[in-house]
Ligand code: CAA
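One chain is shown next in structure tokens, namely the form predicted on its own.
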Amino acid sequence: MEIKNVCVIGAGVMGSGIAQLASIYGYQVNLVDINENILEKAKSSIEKNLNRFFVAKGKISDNEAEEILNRIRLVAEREDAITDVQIVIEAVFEDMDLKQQLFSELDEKCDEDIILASNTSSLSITDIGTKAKNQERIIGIHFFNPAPVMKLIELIKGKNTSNDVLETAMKFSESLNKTVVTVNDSPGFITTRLIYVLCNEAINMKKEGIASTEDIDTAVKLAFNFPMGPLELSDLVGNDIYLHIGEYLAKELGEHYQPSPLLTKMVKDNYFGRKTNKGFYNY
């Protein structure tokens, strides 16, 4: 099956980034969200990103940016958005119950040859598809933020994902000019499992008073040539997101992944990071 038309469910930061990426490479995209304000905000964000990172840098022309925008259709009705597409990519909140319900509904309403993909960064693809009947068409396509820029895609094969779906998803992912790694289903996959451990251990170091926030981040950046330190990264991703991931990994993989008590306290006190203008740093 050749993919020409894509549906992206969820018009937040990741969903709008995936929609922009797919459109840049010529796909027609239906971007879905029940909130009209979020849809309009997503369109404005995509337009700004195209102008700032592509037009202003001479990578594309004004006309090409307009064509990219015109390939993205904002849709408030999900059933309308899944018509005449070959793949549906969900980018909704990282919650197992929510995703299971969504994939159950998509499985019921989408034609059987449509691929159903999750952009989850940590949740088991097999578990996400538990309530669906046609589980062989469910796969994980984990993009990284910002999706139009980051070079990696993790392709996660659930226990029931068919080889045909894996092959088609691989071709689609590579068509977006990405390097693709294939992962057998496991909580956290490769990247989230590793980066969570690093960030959580850095938070424990902060709690123990081993070094200041700035010095922990500086040490990691200069020693390992990372673009940002683990505490800065936790603020960027969202300390609430890392807490949610840690609780899930601890439940699935053991107490070794238990979130730092400092992380739990910070989230309780609304220190989410950049989104609340306060975290390990003030913004």
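Small disclaimer: the values here were computed from a predicted structure and weren't measured. One-based numbering along the sequence shown.
What comes next is about the form predicted together with the named molecule, which is not displayed.
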Quick check for you: of 147-155, 128-136, 74-82, 207-215, which stretch puts a non-hydrogen atom within 4.5 Å of the named molecule in the predicted complex?
147-155
The unique member of L249, V237, V220, V29 whose heavy atoms fall within 4.5 Å of the named molecule in the predicted complex:
V237
None of M228, V55, I34, L69 but one has a heavy atom within 4.5 Å of the named molecule in the predicted complex; the exception is M228
With a 4.5 Å heavy atom cut-off, would you call K59 a contact of the named molecule in the predicted complex?
yes
Within a 4.5 Å heavy atom cut-off, is Q258 in contact with the named molecule in the predicted complex?
no
Could you tell me if N49 has a non-hydrogen atom within 4.5 Å of the named molecule in the predicted complex?
yes
For H142, is any heavy atom within 4.5 Å of the named molecule in the predicted complex, or not?
yes
